[in-house]
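Just one chain is shown here, as structure tokens, and it is the form predicted alone.
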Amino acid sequence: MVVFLIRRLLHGLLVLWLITVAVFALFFIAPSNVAQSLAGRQATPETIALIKHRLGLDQPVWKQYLHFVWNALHGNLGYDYYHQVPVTAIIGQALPITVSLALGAAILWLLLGVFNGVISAVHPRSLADRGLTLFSLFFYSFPSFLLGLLFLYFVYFKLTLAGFNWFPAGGYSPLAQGIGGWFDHLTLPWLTLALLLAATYTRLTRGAMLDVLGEDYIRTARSKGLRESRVIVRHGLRSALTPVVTQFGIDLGQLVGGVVVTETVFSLPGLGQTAVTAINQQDLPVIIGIVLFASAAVVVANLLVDIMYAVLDPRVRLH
């Protein structure tokens, strides 16, 4: 178990190192004038000279890279000269919004997808199975921006015209200002992401459950007189969750890195919308910081998936 986790941790560190090399080469070696690119179009010569001195751009490339990695390891992702604040401050403002959106939607799509998948697998080719499959494919075919706009039109606009002010048009209300406003502002974005991604989990759970329920140990458990619910949940679902956990780790890591379309549609100033704004303004320090943070989020999510593998399936610990 320990050897398995150490091996996965070393793989994650290797991936992060390769990402830092790629980011450094893209933003610090490729541009002809790195300081000018980082400072922005309207930077003065004094500002450009200060950036060169701070980043050590007059030193050899290998020293610049070590300085870049050292700062990143100590939580220093650079300075945003466009807004005159550290990049970590900008990420710190946007991160709670994206985390709130990602975790709330993840709980919904995981519960909905796994429940639908189990029902479909336990009653294959039944009316419930065909209905849930149709439900999944219907939402799976929707682009996220279209489903979000439909929610805004029917659930917000039409209900508001009818006198039901249940949901706001967009924006974000911090949790510190009250759980009611926080919940109201995130309900429609949660539903948008959950309905889109639940379809994938329904199909994954259904396929894995159908394979597991045909195994010999399931027939043995039933022959011992165990309750059907116990056989399905304790023996069947646990073994079938491996592909679900894989997909969940990938999706959650990507969402924490930034949900660009959903945040833009619902005017949520999270990491996704912050990244879009930084790209439009050519605010390179913020882009670099978000890329590094998003990469670390994906690596950590995959490491957690490997830990879940070892918990769900003891055979994984031997590899």
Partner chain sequence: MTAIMEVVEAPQIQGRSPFTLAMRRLRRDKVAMVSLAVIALIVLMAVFAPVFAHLTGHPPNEQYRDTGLTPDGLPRGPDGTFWLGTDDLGRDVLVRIAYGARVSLLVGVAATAITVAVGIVLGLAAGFLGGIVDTVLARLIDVVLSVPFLLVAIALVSVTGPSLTITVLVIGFFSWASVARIVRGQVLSLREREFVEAARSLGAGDTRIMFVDILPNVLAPVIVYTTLLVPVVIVTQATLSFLGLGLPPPTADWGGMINEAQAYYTTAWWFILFPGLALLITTLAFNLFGDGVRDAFDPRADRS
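Numbering follows the first chain given and starts at 1. All of these numbers come straight from a predicted model, not from anything done at the bench.
Omitted from view is the form predicted together with its partner chain, to which the following refers.
K.L.:
Do T133 and its partner chain come within 4.5 Å of each other in the predicted bound form, heavy atoms counted?
P.N.:
Heavy-atom contact with its partner chain at 4.5 Å: present for T133.
K.L.:
Since only the chain is shown here, I'm wondering whether I279 would be in contact with its partner chain in the predicted bound form (any heavy atom pair within 4.5 Å).
P.N.:
Yes, contact at 4.5 Å.
K.L.:
L303 near its partner chain in the predicted bound form, any heavy atom under 4.5 Å?
P.N.:
So L303 does not count as contacting its partner chain.
K.L.:
Taking heavy atoms and a 4.5 Å cut-off, does L50 contact its partner chain in the predicted bound form?
P.N.:
Judged by the heavy-atom cut-off of 4.5 Å, L50 is well away from its partner chain in the predicted bound form.
K.L.:
Look at the stretches 91-99, 226-234, 120-128, 71-79 and give the one with heavy atoms within 4.5 Å of its partner chain in the predicted bound form.
P.N.:
Only one stretch qualifies here: 120-128.
K.L.:
Looking at its partner chain in the predicted bound form, do all three of V15, L210 and V298 come within 4.5 Å of it through at least one heavy atom?
P.N.:
The answer is yes: all three residues contact the partner (heavy atom, 4.5 Å cut-off).
K.L.:
Which listed residue (L137, V85, I179, L159) meets the criterion of a heavy atom within 4.5 Å of its partner chain in the predicted bound form?
P.N.:
For this set of options, the contacting one is L137.
K.L.:
Within 4.5 Å of its partner chain in the predicted bound form, counting any non-hydrogen atom, which residues from 134-150 show up?
P.N.:
L134, L137, F138, Y140, S141, F142, P143, F145, L146, L149, in sequence order.
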